[in-house]
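One chain is shown next in structure tokens, namely the form predicted on its own.
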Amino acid sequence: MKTNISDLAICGGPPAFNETLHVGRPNIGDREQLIQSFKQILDNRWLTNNGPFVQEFEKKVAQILGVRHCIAMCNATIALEIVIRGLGLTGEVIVPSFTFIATAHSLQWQEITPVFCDIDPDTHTIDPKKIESLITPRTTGIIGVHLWGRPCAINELVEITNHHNLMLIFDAAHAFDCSYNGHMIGNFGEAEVFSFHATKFINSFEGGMVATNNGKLAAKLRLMKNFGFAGYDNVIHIGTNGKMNEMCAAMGLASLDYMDDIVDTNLRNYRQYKDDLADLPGVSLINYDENEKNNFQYIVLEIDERLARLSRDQLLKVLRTENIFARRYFYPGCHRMKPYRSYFPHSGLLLPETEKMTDRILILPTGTAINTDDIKAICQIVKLSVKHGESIKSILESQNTINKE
């Protein structure tokens, strides 16, 4: 455990960890069960095209969510694109900029303009009060994003979309096994899209899932993810290849079997981080409502440079020299990435809270890949960095000067 500033790696000390601690390192369930599933898939010689493992994965997810229809797909980005096309969205769709770039790309890829809306600084999700002024005759929908597993303002978004006759869908990539007012995420809007990417707490290597209670939409999405085929040699709708394969579904099923254990570990980690970082000037750990279901898969800090006496990026450098690979979600904001910064060069003027948040957020490692001693060591480094914030800032600035020379 490091106790002095001289112990820090940026000051010449050895890194706290020999192996890099990553954000989103995959949780692995029962390896033997997974290997047996792989053997069964090979014996079946049914590797894709809606095999029994995919069907079982869809069934189990639907049961967990309490939703009528779940459609497994190769990844969440393709799933979102197919939902957008299946609902006939065109023109402009309002989305937050403070999200993973795939949310915006899924629209722009189909020549739909993402109109970026600012966020509520307390929730980090789209601010309903900022939406009305962005609606134009070309607006056809709104995509809400549930960040960190915390739902966005669903009721307010429903009210807005009903009033303006707009489609409402949700990017629920972070929010599997989470609830809103006691109801499971997956049951809201026209559809909600989940991610089972390797970095998510439940993963299928690569994978996505659409949840909907709209039977007509579900039938259309099943056609669209399989080239529009309705049986052999019978294409009845435009489509693409969005199918999940059997190996991915097997991994998803193995993950679901250990979901409760993973969530318990995430909750334990969250509580320890919360205790260890309590009352630290300029460092705020976002809170989860433990009265709702949550997966607790993200440890999210907000760094206030004025109080912490060092910036988020300076703390990030300290952590990375210790082999703690913290992350800056969702820096620098979709509106400041290509092609959107060229299309909308002044959009930042309408996104003040988003601009602030992209410079404050820091994500720390959690999940089954780390233990309580790891968390104590990480928190001690954060506390030591804040305690000596001015000195660390000077050290990093001098190192930058040397590197430039």
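Predicted model only: the values in this text are computed from it and were never measured. Residue indices: 1-based, along the sequence shown.
Omitted here: the form predicted in complex with a small molecule. The next part is about that form.
- Only one segment in the set 285-293, 96-104, 310-318, 113-121 has any non-hydrogen atom within 4.5 angstroms of the small molecule in the model of the complex, and it is 96-104.
- Residue in contact with the small molecule in the model of the complex (any heavy atom within 4.5 Å), chosen from Q297, S255, T212, S195: S195.
- Shown without its partner, this chain lists R150, K200, R85, K220 as candidates; in the model of the complex, only K200 has a non-hydrogen atom within 4.5 angstroms of the small molecule.
- Among residues of the shown chain, R327 is one whose heavy atoms approach the small molecule to within 4.5 Å in the model of the complex.
- Contact annotation: V386 falls outside 4.5 Å of the small molecule in the model of the complex, judged by heavy atom distances.
- When contacts are judged by a 4.5 Å heavy atom cut-off, R25 counts as touching the small molecule in the model of the complex.
- In the model of the complex, the small molecule stays beyond 4.5 Å of every heavy atom belonging to L301.
- Although the small molecule is omitted here, in the model of the complex all of T77, V145 and G207 have a heavy atom within 4.5 Å of it.
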